[in-house]
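Take a look at this one chain, the form predicted alone, written out in structure tokens.
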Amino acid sequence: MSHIQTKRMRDVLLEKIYNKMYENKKIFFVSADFGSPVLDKVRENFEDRFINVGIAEQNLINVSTGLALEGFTVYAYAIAPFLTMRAYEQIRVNLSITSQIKEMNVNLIGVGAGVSYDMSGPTHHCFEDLTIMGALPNFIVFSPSDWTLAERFVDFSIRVKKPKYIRLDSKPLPGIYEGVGEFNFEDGFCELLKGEEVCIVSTGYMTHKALKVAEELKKNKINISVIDLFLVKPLNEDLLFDHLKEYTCIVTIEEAFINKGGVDSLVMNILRDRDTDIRVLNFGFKDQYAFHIGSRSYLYKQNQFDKENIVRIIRELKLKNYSRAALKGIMLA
């Protein structure tokens, strides 16, 4: 694995946007006093198309909306929980509602999805964004698992003129898709591993964990599938179901509150609407904020979805043939 490059999603995404600004004079960048080495270059070389509005996320949305209504493709950049929750009313009224009657292209870049700012505590954790941003009509929600997907999204973001929320992990991560063959980006997901009976559906950083779970289970001769869900909205639900219906049990993993409208709810709704009896097991954060200060691994362990626990539960389910009673009993153990 040493050949796989490790990079920050935001650095690769911003570098691609910066390069596009040379050829596309309609790209405008707005920041809520949130920096990066790439933005220093944007500020220097495109001072007429860069604004720092200060620590004022609500105004970030107002300014971005005005620019978009004048025909600019706008990238608005801030820390994920503050961008999505402090400015939610402005996002709803200015972008979600307005875009239903007038074309506009505003791309909200939120850095710090899940607990990628792990040591900063609950104010900087972002468990709610998939739920609240996915609830907005006319919005696209993009949750990449690596920097290669983040880079690939830039061309899509320029071409598709709708409001978008781009949720990025803050930490350097290896490039999962460097060795993956061709797939249709706009389907919204990719089956990274093909196995039997069990399929993990994950998004963002959790796809890295899903792949590690699959690797560990393979040592026990248990081969599971892993589907990476990166376009949370819109999603080709029929195509995803065509993949999911092959399995006896679906496991969802996300850095979000479970049973609150995130990836788990999306998957369960797809299965419910098609009247299947496929078992579903959901892993994520409980209905409380994480006041424990520690690494991601520590926070996962506190909420019983560390790698070891997920491996144990899937292995035990395998031995008990994935019955509903077995699933319930193992989760309560």
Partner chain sequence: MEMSSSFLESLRQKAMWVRQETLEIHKIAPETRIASSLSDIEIFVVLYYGKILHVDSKNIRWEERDRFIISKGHGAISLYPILADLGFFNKEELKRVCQEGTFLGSIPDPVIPGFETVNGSLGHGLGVACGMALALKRKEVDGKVFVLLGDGELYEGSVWEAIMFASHHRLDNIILIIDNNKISMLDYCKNILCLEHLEEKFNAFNWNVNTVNGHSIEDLYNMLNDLKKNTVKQPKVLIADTTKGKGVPQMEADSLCHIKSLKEEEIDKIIKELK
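The structure displayed is predicted, hence computed values, not measured ones. Numbering follows the first chain given and starts at 1.
One more form of this protein, predicted in complex with the partner chain, exists but is not displayed; see below.
Comment: 82-90 is the region of 111-119, 220-228, 167-175, 82-90 lying near the partner chain in the predicted bound form, near meaning a non-hydrogen atom within 4.5 Å. The partner chain is not shown here, and in the predicted bound form it never comes within 4.5 Å of any heavy atom of residue 305. Using a 4.5 angstroms threshold between heavy atoms, residue 142 stays clear of the partner chain in the predicted bound form. Taking the partner from elsewhere, residue 36 is found to have every heavy atom lying beyond 4.5 Å of the partner chain in the predicted bound form. Contact annotation for residue 70: at least one heavy atom lies within 4.5 Å of the partner chain in the predicted bound form. Between the partner chain and the residues 63, 270, 290, 280, the one pair within 4.5 Å by heavy atoms in the predicted bound form involves 63.
Site annotation in the predicted bound form: the residue of 148, 131, 98, 248 reaching within 4.5 Å of the partner chain with a heavy atom is 98. The putative spot formed by 193, 236 and 238 is not touched by the partner chain in the predicted bound form; no residue has a non-hydrogen atom within 4.5 angstroms of it.
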